[in-house]
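Take a look at this single chain, the form predicted alone, given in structure tokens.
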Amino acid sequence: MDRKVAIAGFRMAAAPDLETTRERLVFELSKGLLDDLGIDRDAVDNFVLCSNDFLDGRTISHVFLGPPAGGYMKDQTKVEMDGLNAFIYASMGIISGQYDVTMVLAMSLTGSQVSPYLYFDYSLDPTYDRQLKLLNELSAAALEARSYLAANGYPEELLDAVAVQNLKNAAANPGQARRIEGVSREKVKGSPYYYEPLRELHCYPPTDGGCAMLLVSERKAEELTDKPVWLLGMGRSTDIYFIGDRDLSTSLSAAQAAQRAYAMAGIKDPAAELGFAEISSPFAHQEPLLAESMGLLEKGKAAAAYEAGDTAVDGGMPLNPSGGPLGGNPLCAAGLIRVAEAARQLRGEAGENQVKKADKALVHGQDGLCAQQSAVVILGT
């Protein structure tokens, strides 16, 4: 990249019910971030907003979010769905030289105002899949889990191990929406089935939340922060739309997006060169599935890695040390929150969940049923 992009600062919020409006949430995240950095909206060249018209219940929804974000009479763009796509889009504006300072802001109230599990029905083919009424977000994820477990000979207990690790990490993270004290495999196994083999605690909780992040050029980074986190590589990929034509035991989109990000960042051996990963895995089986697809865990060895503690905060390849989406998953904001959590780690500000080796990290975001679309960025100090 001819021009470097840095994360200068960020603000996050997540809860089952934030008891606020979309406009108020956007205002508080933006104003709080600008106050943290000691600047006002005049210092920002460009605003990239990430939301979804279906989730907001109104068309062209960003029209109402720009002014409270501070974007009145500023350049402004909307990106649909996952916030990591908005992060990549905003970074490209800085790399191109068009902007020096861009605020990225993603949010949704999918805990208090929308049922997120029902929303994905609208992404199904209206003439076939939607008419059969067999597929929805949960049943598709259950099919994916069955396919992944069967292809690798993993027991269902792997899902319990992943959930316990993530929920323990989430309990130690004050920013997470679902914080369960004393979580255990027995508690996870005792939670009710949603769609076999997925139980309640294998699935993300409905969450309100948002994230504001300021991206800057190298010149502006020197002015605004003494702890810049740099973008080293990025990649995106989209798999086949019809779920019946896809191999659900792996993720082609994550594998291709990661390879493109590794190539840009000069990463040859991701398992050895990366310190940890924040993965958008709203269901327990997706964390090892995506980690294997992106070369972070050896294919077919994920169950052993979890049992040995390799994926824990103090392990060799910590996965979702923040607690990940099982601790809170506000749609649209989820991927950008993964970026912010990775930046916290790289700045050494992750508290009880701080990993030991943290100079480069992978962040993954997704959209569509069973991660049809994936985005990956590599961050470093």
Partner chain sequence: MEEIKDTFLHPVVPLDFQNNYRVGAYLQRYLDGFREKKILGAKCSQCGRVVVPPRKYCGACNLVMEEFVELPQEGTLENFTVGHVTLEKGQLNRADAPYVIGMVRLEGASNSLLAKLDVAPADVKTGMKVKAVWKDQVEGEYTDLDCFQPA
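Positions refer to the first chain, counted from 1. Predicted, not measured: the structure shown is a model, and the values here were computed from it.
Another form, the form predicted together with the partner chain, is not on view; read the next lines as being about it.
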**Message:** Does any part of L134 reach within 4.5 Å of the partner chain in the predicted bound form? Heavy atoms only, please.
**Reply:** yes
**Message:** When the contact criterion is heavy atoms within 4.5 Å, does P192 count as touching the partner chain in the predicted bound form?
**Reply:** yes
**Prompt:** With a 4.5 Å heavy atom cut-off, would you call Q259 a contact of the partner chain in the predicted bound form?
**Reply:** no
**Asked** With the partner left out of view, is V101 within 4.5 angstroms of the partner chain in the predicted bound form by any non-hydrogen atom?
**Response** no
**Asked** If contact means any heavy atom within 4.5 Å, which of 239 to 247, 285 to 293, 269 to 277, 92 to 100 contacts the partner chain in the predicted bound form?
**Response** 239 to 247
**Single option in A172, I180, L143, A303 placed near the partner chain in the predicted bound form, where near means a heavy atom within 4.5 Å** = L143
**Asked** So which of L224, M264, L138, A161 gets a non-hydrogen atom within 4.5 Å of the partner chain in the predicted bound form?
**Response** L138
